[in-house]
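Given next, in structure tokens, is a single chain: the form predicted on its own.
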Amino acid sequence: MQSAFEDVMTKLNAKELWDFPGGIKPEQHKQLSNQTPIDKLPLPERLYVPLKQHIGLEGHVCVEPGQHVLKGQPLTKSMNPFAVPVHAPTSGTIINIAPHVAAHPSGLPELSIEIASDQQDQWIPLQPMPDYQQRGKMAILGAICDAGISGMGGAGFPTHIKSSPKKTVEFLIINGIECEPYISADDRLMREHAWQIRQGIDVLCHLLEPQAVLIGIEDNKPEAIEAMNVACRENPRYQICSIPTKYPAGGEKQLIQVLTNREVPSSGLPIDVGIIMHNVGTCFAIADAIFSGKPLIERVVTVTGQAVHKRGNYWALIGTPVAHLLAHSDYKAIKQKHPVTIMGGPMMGFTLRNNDVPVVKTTNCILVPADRELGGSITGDKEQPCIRCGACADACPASLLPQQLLWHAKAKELDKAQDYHLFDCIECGACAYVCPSEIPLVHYYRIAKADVRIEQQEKQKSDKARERFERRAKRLLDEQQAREEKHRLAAEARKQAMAQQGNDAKDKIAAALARAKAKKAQLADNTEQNTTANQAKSAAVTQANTPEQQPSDTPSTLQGSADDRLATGASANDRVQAAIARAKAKKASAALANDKLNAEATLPASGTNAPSSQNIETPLPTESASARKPSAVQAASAEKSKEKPKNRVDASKNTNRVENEGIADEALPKASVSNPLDEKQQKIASAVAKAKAKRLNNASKAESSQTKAAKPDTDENKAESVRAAEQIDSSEDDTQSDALNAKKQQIAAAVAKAKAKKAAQAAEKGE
């Protein structure tokens, strides 16, 4: 059961504390390095700045090789809340951005930025925030993040994340324990910079607003306790707590248990019990960022061990190679048969693969022990089989079973190792320190943790890949269903549109058929009525006309019936037939006229009703004259052929007969020109017949082609047929009129010659 706030404060005011299980009391060896002030190292020629020096994600590189940078200039950008930027430790030129050996037990390379120092150490313009109390909390957190501050005493958790909790903070604990042997960096920092540490605590109190501030310091650091009491005496909320020297009292969970008797749950965080903890080095870095504007580019590093001559604490730039520290500390390689360099303390540190490993934000110590200074628990050179003594379980401050964890870690039975709470191990090394077989237990636990993290990362990747695949499959299925639904709706719309169009088309077709049927019925009625009327009219005409006046099949009757058929709107074939009948009627009329002319022309030859010369000179009407001329010519030709023997007599002997029979005298020249006229008449008649036959043939062909290609009963076809028939009639009339005019001119010329001859004879008689 957790202790209440009032109970905790009551016991702390009484100078009473709680304890944690397990733990050990190793030799401290702190006097090797805490006797001298913090020194300043010279600038190294090369610095290797890893992009990731904390728990979380690395930032995005914002520089490139060949670029000149200034001291404090950001090298990466914070692209994620858990991404903390890194900065240039000094001014110089970016040489390379490539993997470099990292400060990690595995010794694997990590992406780093290599900088060649120009030895000028020129700063960028700094932007301090002395009026932070008038600023918003987000502005202060942003300044802390931009300064690249992360936890400097443990795993390196981003400070701006830890300083913005979502729960109420009862206790703010400042960790100044530094319980591990040999390390004295925090001790010297509290001695020399207690005031600046107090300023950092003020900033954290402004952000967290805790109910109490507890500053824990081991009782083996009396100078540090005195310095912090002096710095914090102005604020009664700040309470300095002297902790008994016991390893690992500086562990986060162990220190919380000692000060508040509250236990952090497994896989939990201190905020779960209302507590936030920061290291004194982190407080110093916060004060440096807020009041000076400086980013985290250096830290205090303890260089100790019997293999170095100048032991002490140094301000080391982030990215400084360990070899540079050893060179400045007067490293004695002769004191090491097998060179060993440990980053960290003898309990929680790890052996470096080589001395090119750079200093990072969590580096607090470089230990270079001489031979047989530490024994074999750290190096693991003298590892022996486990004897199951159980000393490791007694020393474990987390109350775990290190022996079972070792077996499962070696067998790669990671699930069983997690069942024994593998991740509750704080890697303090107390189990390895007390192991009589000198088994480096912490190293096996670290490897097992790394394997579990790799499995978890792979599982997370596979889960994400599966989720992406499932989302993609679902998206594709949804898209397919949407397409199918769209196509279905479109098909239904098309069917409806086609059905509507089909109904409209059917309605239109039905209406058209109805109109056609009505029109056909109307035409049939009209045709029947016209036929009845024509029959009645023909019967009336037949009864009215006697055979002497006009027979039923005379051309006039045919012409009338044809006109009637055209007038009554008969079909195109009927109109063509009517036009042909009309042309035949005209031809018959012309033949009757010719017969009359022949009859009149024969009268002089028989000696009855002979016309006078004046009557011959009088012009006849055009139609009767043109109709009588061919008959007269034929009669003259016949008379000439009968009287041909008589005409051989000399013209002077027949003068009296010519005078008595004037018409006979005029017939003489007519007879003389009858032969050419007869031939021309025949040619003209044959030409007219050919033209008429050709025109009739063409008209019939055109009519048949039109009747095949188009509807026969349309008004347009009827009109074309009527026009074709009229053209035929007009062309026949024109041809006949031209022929009659030519004949008339020839007859007139013959008459003129006869008159001239008669006049000449009269003149001779007068003489």
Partner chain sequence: MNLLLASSPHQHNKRTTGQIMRLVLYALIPGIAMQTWFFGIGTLIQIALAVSTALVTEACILELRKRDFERSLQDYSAVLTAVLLAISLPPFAPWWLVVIGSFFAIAVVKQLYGGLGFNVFNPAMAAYVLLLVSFPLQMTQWLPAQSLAQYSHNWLDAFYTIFTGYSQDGFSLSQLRLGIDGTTMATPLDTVKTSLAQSLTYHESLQLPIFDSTVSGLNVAWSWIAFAYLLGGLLLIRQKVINWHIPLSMLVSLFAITLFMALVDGDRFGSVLFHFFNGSIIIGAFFIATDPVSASTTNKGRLVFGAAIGLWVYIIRTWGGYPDAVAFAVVIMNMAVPLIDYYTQPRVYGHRERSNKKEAKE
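Residue numbers count along the first chain shown, from 1. Remember, it's a predicted structure, so these values are computed and weren't measured experimentally.
Same protein, other form: the form predicted in complex with the partner chain, not shown, and the subject of what follows.
Peer 1: Between His324, Arg299, Lys246, Lys253, only one gets a heavy atom within 4.5 angstroms of the partner chain in the predicted bound form; which residue is that?
Peer 2: When the partner chain is considered in the predicted bound form, the option within 4.5 Å is Lys253.
Peer 1: Scan Cys283, Ile215, Ala432, Leu189 and let me know which has any heavy atom within 4.5 Å of the partner chain in the predicted bound form.
Peer 2: The residue from Cys283, Ile215, Ala432, Leu189 that makes the contact is Ala432.
Peer 1: Can we say Gln239, His278 and Asp288 each have a non-hydrogen atom within 4.5 Å of the partner chain in the predicted bound form?
Peer 2: Checking in the predicted bound form: none of Gln239, His278 and Asp288 is within 4.5 Å of the partner chain.
Peer 1: Residue-level question: is Ile95 within 4.5 Å of the partner chain in the predicted bound form, judged on heavy atoms?
Peer 2: Ile95: no contact with the partner chain in the predicted bound form.
Peer 1: Heavy atom to heavy atom, is Arg446 within 4.5 Å of the partner chain in the predicted bound form?
Peer 2: Yes, contact at 4.5 Å.
Peer 1: Consider Pro339 of the chain shown here, and say whether it contacts the partner chain in the predicted bound form, taking contact as heavy atoms within 4.5 Å.
Peer 2: Contact check for Pro339: yes, within 4.5 Å of the partner chain in the predicted bound form.
Peer 1: In the predicted bound form, is there a heavy atom of the partner chain that lies within 4.5 Å of any heavy atom of Glu209, even though the partner is absent here?
Peer 2: Close contact is absent here: in the predicted bound form, Glu209 is far from the partner chain, nothing within 4.5 Å, heavy atoms only.
Peer 1: Have a look at 81-89, 157-165, 404-412, 291-299 and name the one stretch with heavy atoms inside 4.5 Å of the partner chain in the predicted bound form.
Peer 2: Among the listed stretches, the partner-contacting one is 404-412.
Peer 1: Just to make sure I understand: among 20-52, which residues lie within 4.5 Å of the partner chain in the predicted bound form, judging by heavy atoms?
Peer 2: If the 4.5 Å heavy-atom criterion is applied to the partner chain in the predicted bound form, 20-52 yields Pro26, Glu27, His29.
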